[in-house]
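Read the single chain below, which is given as structure tokens and is the form predicted on its own.
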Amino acid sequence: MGSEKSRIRSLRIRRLTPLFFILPCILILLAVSIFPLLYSLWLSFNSWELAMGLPKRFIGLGNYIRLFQDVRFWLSMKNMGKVLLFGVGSQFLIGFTLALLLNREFRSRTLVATLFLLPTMIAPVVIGCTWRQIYHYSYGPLNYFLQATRLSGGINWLADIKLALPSIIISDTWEWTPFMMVVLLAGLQSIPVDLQEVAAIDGASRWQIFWHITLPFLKPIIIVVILIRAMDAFKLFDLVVLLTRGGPGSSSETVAYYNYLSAFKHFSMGYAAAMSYIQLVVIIIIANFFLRFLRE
């Protein structure tokens, strides 16, 4: 009887031993990730105006109601929609085209692919500073080219209300198109060559092979890579800070930048927390939209 109890006790200890090893990781995860998430959720139901020196005050859904009545917030959401539609869309189309070209055998293909990848390897701060110089009205190379070719007398790219946001989108597209390219290229190289050869022998044209073989095989990869870029683009912040600071006015202000201003310039901590959770809900909706196609 005693040996049976000791055996059961040793089995319990053996089962609990792995838990003791991972317990520190669980505690660190709770402290670093889960606790701030729950705290910010609770904060979103409170009014906490640090600039006025006011204490936290529970207001329920007050921040969310104020948010849906905020015209500036909806303008930033509209700008974010343009970034997702034109920015991520352009990155996919250009990246897919480059992937199709690089999928062919030719000399120095590895070197060309490496050169295309350079923008993604550069720090976003460096990219923002570089494009700020490119767009500079007086001595930027872009305006110099336009003046030299007499296409324009010079364009104020970052101070024009109609061009500020497209300028940010162009910079973001230049930075992240190589990411699209390399993922789609890996997908293209994973497609069995035998299928394409058999289809060609059966008389299928290149367009038919692309439409009925290449695209169906790439569909899961296309959905995942667009989803990753859409989620990342929704947090666009660094280029906005370095290029336009949301201006002129609020014409190029994204949700992430407006959230930053609300929290660290106006010090409306509860309002900023509520805004971050609206962002989270929108990202979850976008993710579920793409994942539905992936499941199909």
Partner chain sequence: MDKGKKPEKGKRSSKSNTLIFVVIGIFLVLFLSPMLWMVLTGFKHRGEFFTYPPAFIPKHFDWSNFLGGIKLGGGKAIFDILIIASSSALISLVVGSLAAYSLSRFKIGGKNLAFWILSIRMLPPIAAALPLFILYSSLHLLDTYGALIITYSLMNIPFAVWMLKGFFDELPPSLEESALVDGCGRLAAFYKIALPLIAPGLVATTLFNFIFSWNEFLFALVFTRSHVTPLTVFIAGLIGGHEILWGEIAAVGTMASLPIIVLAIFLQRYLVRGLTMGAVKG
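Quick caveat, the model's predicted, so the values are computed rather than measured. Positions refer to the first chain, counted from 1. Under this definition, the rigid core comprises the largest set of C-alpha atoms superposing within 1.5 Å between the forms.
Another form, the form predicted together with the partner chain, is not on view; read the next lines as being about it.
Using a 4.5 Å cutoff between non-hydrogen atoms, residue 125 counts as a contact of the partner chain in the model of the complex. When contacts are judged by a 4.5 Å heavy atom cut-off, residue 288 does not count as touching the partner chain in the model of the complex.
For the chain shown alone, residue 282 is not a contact residue for the partner chain in the model of the complex, no non-hydrogen atom being within 4.5 angstroms. Heavy atoms of residue 254 never reach within 4.5 Å of the partner chain in the model of the complex, leaving it off the interface.
Contact check at 4.5 Å (heavy atoms) against the partner chain in the model of the complex: none of 64, 77 and 159 pass.
Listed stretches are 77 to 85, 207 to 215, 91 to 99, 159 to 167; the contact stretch with the partner chain in the model of the complex is 91 to 99, by a heavy atom cutoff of 4.5 Å.
With the partner removed from view, the residue among 71, 193, 111, 151 that has a non-hydrogen atom within 4.5 Å of the partner chain in the model of the complex turns out to be 111. Contacts between 19 to 43 and the partner chain, taken as any heavy atom within 4.5 Å in the model of the complex, involve 19, 21, 22, 24, 25, 26, 28, 29, 30, 32, 33, 34, 36, 37, 39, 40, 43.
Relative to the superposed rigid core, residue 109 undergoes a CA displacement of at least 2 Å between the shown form and the other one.
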